[in-house]
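Below you'll find only one chain, the form predicted alone, shown as structure tokens.
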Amino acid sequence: MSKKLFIETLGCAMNSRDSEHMMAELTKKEGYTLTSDFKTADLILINTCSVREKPVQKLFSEIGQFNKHKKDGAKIGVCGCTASHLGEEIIKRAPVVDFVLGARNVSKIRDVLHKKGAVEVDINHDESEFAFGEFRNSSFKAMVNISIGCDKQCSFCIVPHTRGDEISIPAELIINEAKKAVQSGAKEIFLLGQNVNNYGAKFSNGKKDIDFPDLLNMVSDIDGVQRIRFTSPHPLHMDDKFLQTFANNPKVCKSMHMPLQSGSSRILKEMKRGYSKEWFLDRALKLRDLVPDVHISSDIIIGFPGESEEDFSDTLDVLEKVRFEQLFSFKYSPRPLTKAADMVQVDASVASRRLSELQARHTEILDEISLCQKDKVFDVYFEELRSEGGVGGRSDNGFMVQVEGSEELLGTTLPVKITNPRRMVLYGEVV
């Protein structure tokens, strides 16, 4: 009987791709098969996130539950960003953990697997040219890493301390990986990086002869690629070449994630984001001008240290002017190793009130946006069966759309007329 592997993945799309890389190494080279029931697993991996405090707090509770119910002899490994910054402390606090593997050390999964107490958390390890095996959770779209690490030093963010310096993955490796994915049936390529539009700034071999718009065009030239998505671009690097390529390449989906973080230029400077409120608005409104039906999503942190009512009003002002189609908003969470953790914190009740106000207004905006989609027709790429029934997919510009149907629709792109637009999902019928 083959050994069974269970992976719990927390956090971002890059974590999801890291999990796929570990699955590839373990299924292809160590003889594991995947299971959705951790109680039957011989190996349990927790791929962690440390961007906010709650996932870190949850980790040790999860370890306890897994240990309590796992089968005899099953190993537990902790991977990802929390593994990077806590390292040996994880095993000290939870001796049942067999090994710890940092986010920059995914390629070493087979090494630590066989070493009880192993800790590999070197954030300077260079995996940019490591050839991982092929494994994907979806046969309809393929996530492809284009860089590792992050060179930004945002004062609230722990990622540079868990994923190390930014290095771009060679274009030929990216193109080869995308071609293999297409040959396996994927029609959508999802490019991943901490700051994708800074691609090409630094390669291991020292070359600097390609940028992100060039890479987008190279991927779009692959036969069989129908759609290209990416996350996350950085507002600082949204130059005109990038915006023009986004607007004019028909295979690049017209949805853009623009992480604002704050609408206050003063707070943005404290955050060390590198741009101002005016720059963000200029780029967002230029994008709306170039692509009138563009879908813009964003991240906003409320209650960053020193945030005043005036600063918060600036954030609301950006919300009104850009009218994001999707918004991920959170109260500031102090993270270890970051400069903001030592700043004077905003009162929790004040931050909660501001967050509620922001989210309430954005809910109103979402309702207004969704109502405007009624009777529109979108080309939808169907990629998932929905838990409540029906088939779901995304329009080119990023709306989640659901229709009645079953598996025969998966992997197809069909026109859908929206009959019942809702805040999170547009319901429609194939026409």
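Sequential numbering from 1, following the sequence displayed. Fair warning: this is a prediction, and the values are worked out from it, not measured in the lab.
There is also a form predicted in complex with a small molecule; it is not shown, and the following applies to it.
With the partner omitted here, the stretch from 247-255, 106-114, 151-159, 314-322 that lies within 4.5 Å of the small molecule by heavy atoms in the predicted bound form is 151-159. With the partner removed from view, the residue among E177, D211, E270, D299 that has a non-hydrogen atom within 4.5 Å of the small molecule in the predicted bound form turns out to be D299. Proximity to the small molecule in the predicted bound form, defined as a heavy atom within 4.5 Å, singles out one entry of F132, Y332, F99, F230, which is Y332. Within this chain, H362 is remote from the site of the small molecule in the predicted bound form, having no heavy atom within 4.5 Å. The shortest heavy atom separation between Q194 and the small molecule in the predicted bound form is within 4.5 Å. Among heavy atoms of P259, some come within 4.5 Å of the small molecule in the predicted bound form.
Contact between V51 and the small molecule in the predicted bound form is found at the 4.5 Å heavy atom cutoff.
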